[in-house]
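This document starts with one chain, in the form predicted alone, laid out as structure tokens.
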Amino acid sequence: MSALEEKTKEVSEGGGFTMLFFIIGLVVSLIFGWVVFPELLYSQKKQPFDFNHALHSELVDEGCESCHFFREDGSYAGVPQLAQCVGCHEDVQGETEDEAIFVNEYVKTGQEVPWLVYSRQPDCVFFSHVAHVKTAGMDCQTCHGDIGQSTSLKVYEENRITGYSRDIWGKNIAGFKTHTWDRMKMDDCSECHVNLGVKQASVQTGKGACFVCHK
């Protein structure tokens, strides 16, 4: 074998190892970014006790708004307060551990339940439920999915950096989504507004600006 052929062989073998290391590095990076990083980024927290939405939905007449209602001034009440539940849960109903926790630790002590709210937006975000539900006629499911039919609460996943729920960013770390309720970020709001032809501007000024959606 000539010197030139030996040199060519060395270069070829070196290039092969380089490509192999590149592929291995790429695969390791993808696994870390798509599998390991999300697990490290979010911590899992349990709700104070479990709650059966489906069971309660069967007992009320106005669906979600029976508990998540609008006040007379149009403001949204959000998560039900203890006073709304006491009428039925002054005493323990049934024999479940969750019911006993609710009545004994919260109803009887008068302490509000510290629910972890999956859809809580950052403080800088302005969002009007009445504009979307009452004025635009949107279904709750559009943003919240089928939680109203759930028989158990899912684990709350909290971003270790921002402190926000994973429901805001979504399950897919790359931001891909299948349903409208898969995530609740600014571009999801914008996408919906564009698709429905909603004017993205201030009612007062007629101009689009940060303050339209941000405080």
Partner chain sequence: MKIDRRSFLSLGIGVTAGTTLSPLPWKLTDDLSIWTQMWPWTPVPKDGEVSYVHSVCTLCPGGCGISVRKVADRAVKIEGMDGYPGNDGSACPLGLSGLQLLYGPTAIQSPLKRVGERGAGKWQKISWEAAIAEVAEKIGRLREDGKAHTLGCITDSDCGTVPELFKRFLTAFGSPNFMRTPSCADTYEMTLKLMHGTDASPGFDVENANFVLSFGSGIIEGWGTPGRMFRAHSAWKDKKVKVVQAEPRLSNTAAKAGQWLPISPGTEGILALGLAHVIIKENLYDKNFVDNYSFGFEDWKDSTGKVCKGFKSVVTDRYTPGYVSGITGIDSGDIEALAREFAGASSPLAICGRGQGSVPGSIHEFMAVHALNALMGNLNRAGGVSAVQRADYITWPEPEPDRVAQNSLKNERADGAGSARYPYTKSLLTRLPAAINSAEESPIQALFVANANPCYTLPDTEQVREAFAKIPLIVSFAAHMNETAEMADIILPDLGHLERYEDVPTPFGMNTPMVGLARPVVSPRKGARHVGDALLLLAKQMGGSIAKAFPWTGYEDCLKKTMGKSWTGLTENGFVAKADYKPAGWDAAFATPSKKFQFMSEACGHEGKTGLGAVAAEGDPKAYPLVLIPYDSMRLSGGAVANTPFLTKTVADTVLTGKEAWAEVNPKTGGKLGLAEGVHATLTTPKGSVRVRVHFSNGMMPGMIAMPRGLGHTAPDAYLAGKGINLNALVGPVADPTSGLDAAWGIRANLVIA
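The model shown is predicted, which means the values in this text are computed figures rather than measured ones. Positions refer to the first chain, counted from 1.
Only in words, not in the display: the form predicted together with its partner chain, which the text now covers.
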Legend entry - All of 57, 59 and 155 within 4.5 Å of its partner chain in the model of the complex, heavy atom check: no
Legend entry - Touches its partner chain in the model of the complex: residue 33 (any heavy atom, 4.5 Å): yes
Legend entry - its partner chain contact at residue 73 in the model of the complex, heavy atom, 4.5 Å: yes
Inset, instruction - Report whether the minimum heavy atom distance between residue 195 and its partner chain in the model of the complex is within 4.5 Å. - result: no
Inset, instruction - Examine residue 120 and determine whether its closest non-hydrogen atom to its partner chain in the model of the complex is within 4.5 angstroms. - result: yes
Inset, instruction - Within 4.5 Å of its partner chain in the model of the complex, counting heavy atoms only, one of 59-67, 143-151, 43-51, 168-176 shows up; tell me which. - result: 168-176
Inset, instruction - Could you list which residues of 157-185 come within 4.5 Å of its partner chain in the model of the complex, counting heavy atoms only? - result: 159, 161, 162, 164, 169, 173, 174, 185
